[in-house]
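Listed next as structure tokens is one chain, alone, in the form predicted on its own.
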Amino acid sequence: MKVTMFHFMPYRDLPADFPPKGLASAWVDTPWWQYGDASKVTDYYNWSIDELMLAAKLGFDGVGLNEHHQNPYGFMCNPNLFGATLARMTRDQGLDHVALVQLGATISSCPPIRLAEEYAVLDCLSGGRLIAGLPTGLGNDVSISNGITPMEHRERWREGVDLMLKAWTAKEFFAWNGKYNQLPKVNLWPRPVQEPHPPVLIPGAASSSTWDYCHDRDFPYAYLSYFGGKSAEQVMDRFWARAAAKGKDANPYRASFLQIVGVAETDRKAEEEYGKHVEYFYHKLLHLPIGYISPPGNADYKSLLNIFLSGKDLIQISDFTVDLKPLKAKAMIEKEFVVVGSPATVRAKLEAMAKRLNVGHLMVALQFGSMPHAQAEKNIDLFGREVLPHLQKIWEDQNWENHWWPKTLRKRGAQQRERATA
């Protein structure tokens, strides 16, 4: 299994009484001039880079970045800035085993040709280690922060992906006369190192349209659930059912899953150390209404039909309609929204989760919420030394081929495994 250290890159110091009564959300509505401090952000950005680099040194298969706008949940507004930093740092430090998992630039609200160029730069800078995430994007980022009409959201995304793929692979000049992009002449410089193009990864939630798109294009799907493996079972079962209906095999590398994880010496100590950071993440950073995640018109007809026919559990978990604030950390740990415990506990839960969901790529968030830098480094170190080597062996006894990882990185040698345990 390929394991990526994923980073939300959050604002770590919102006050105890946040959110105040009457504040609509932590996204767009939270006033910077009241809660933000740029001098703290200097530390947060640099700590985040250090945390990802520590994961690379410990033998993780990838480091993962994402894009969000105008909020303290994740203010990595252009992940490619950080991707370029990590590409150069990993190369300079001899960490060329690490994939750059850009989990996504929001193509629906930026010029696709610009993103194609930036991703090509990252692939060249890293020597062919890019995984090109192309999410549809949250409604808050696309429609509220960037002004895209919700009903155009998915159509813009599809056209943008098509334009990027052609720009990477065309052997002749071409004009692009799309509905949303008109370009008189396309001749991309540079082109990616990987041929015909870097692996494409499609992150999403519970949209059946996204599943079908992945299966039709033979792209892998990354389920970005913040509610753990148990709540993901309905979604992933349906994903695999759609795969079978379309004649696709059950290769686990077709799927990725995101999980928040906290590791300490014992289960009790882990709950004590990570509890307040769990609550900070779910109570403060995920304070947002459903209308911001998916504004009216954002989901297409087929996806809405699938959600409403799938039962209340799928609707609640996948669409953030559960009121999280009454839940304490202990309850969220017991429900396995987060996997928190000793190395043995975490190993067992993550292995069971990966096999139940049939996923070959696991993305773990090891810094979350208000977690300070020193604790994040301890978490990454414990995970890297005592959990990671066990997880990387999952699926090795089967003959599945991972078509969706950079070709030069698909064979994980003994040296990488030794790095995680040295």
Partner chain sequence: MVASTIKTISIKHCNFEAKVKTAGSGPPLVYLHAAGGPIWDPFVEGLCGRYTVYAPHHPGTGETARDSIYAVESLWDLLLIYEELFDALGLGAVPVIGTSFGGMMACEFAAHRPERVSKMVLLDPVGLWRDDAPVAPYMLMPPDKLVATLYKHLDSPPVQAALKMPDDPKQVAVITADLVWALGATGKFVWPIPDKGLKKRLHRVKAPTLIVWGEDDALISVVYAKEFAARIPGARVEIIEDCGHVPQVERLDVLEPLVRKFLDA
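As the structure is a computational prediction, the values presented were derived from the model and not from experiment. Numbering follows the first chain given and starts at 1.
The form predicted in complex with its partner chain exists for this protein as well; it is not shown, and the discussion that follows is about that form.
- Here the marked residues Lys166, Pro199 and Asn251 all miss its partner chain in the model of the complex; none has a heavy atom within 4.5 angstroms.
- Stretch 145-153 is the answer when you ask which of 75-83, 145-153, 223-231, 273-281 has residues with heavy atoms within 4.5 Å of its partner chain in the model of the complex.
- Interface residue among Asp300, Asp267, Glu334, Asp96 relative to its partner chain in the model of the complex, by the heavy atom within 4.5 Å criterion: Asp300.
- This chain is drawn without its partner chain; in the model of the complex, the residue among Pro295, Gly128, Pro203, Gly341 with a heavy atom within 4.5 Å of it is Pro295.
- When its partner chain is considered in the model of the complex, Ala170 lies well away from it, no heavy atom lying within 4.5 Å.
- Remark: Ala175 does not count among the residues lining its partner chain in the model of the complex, judged by a heavy atom distance of 4.5 Å or less.
- Remark: Gly291 counts among the residues lining its partner chain in the model of the complex, judged by a heavy atom distance of 4.5 Å or less.
- In the model of the complex, its partner chain stays beyond 4.5 Å of every heavy atom belonging to Trp189.
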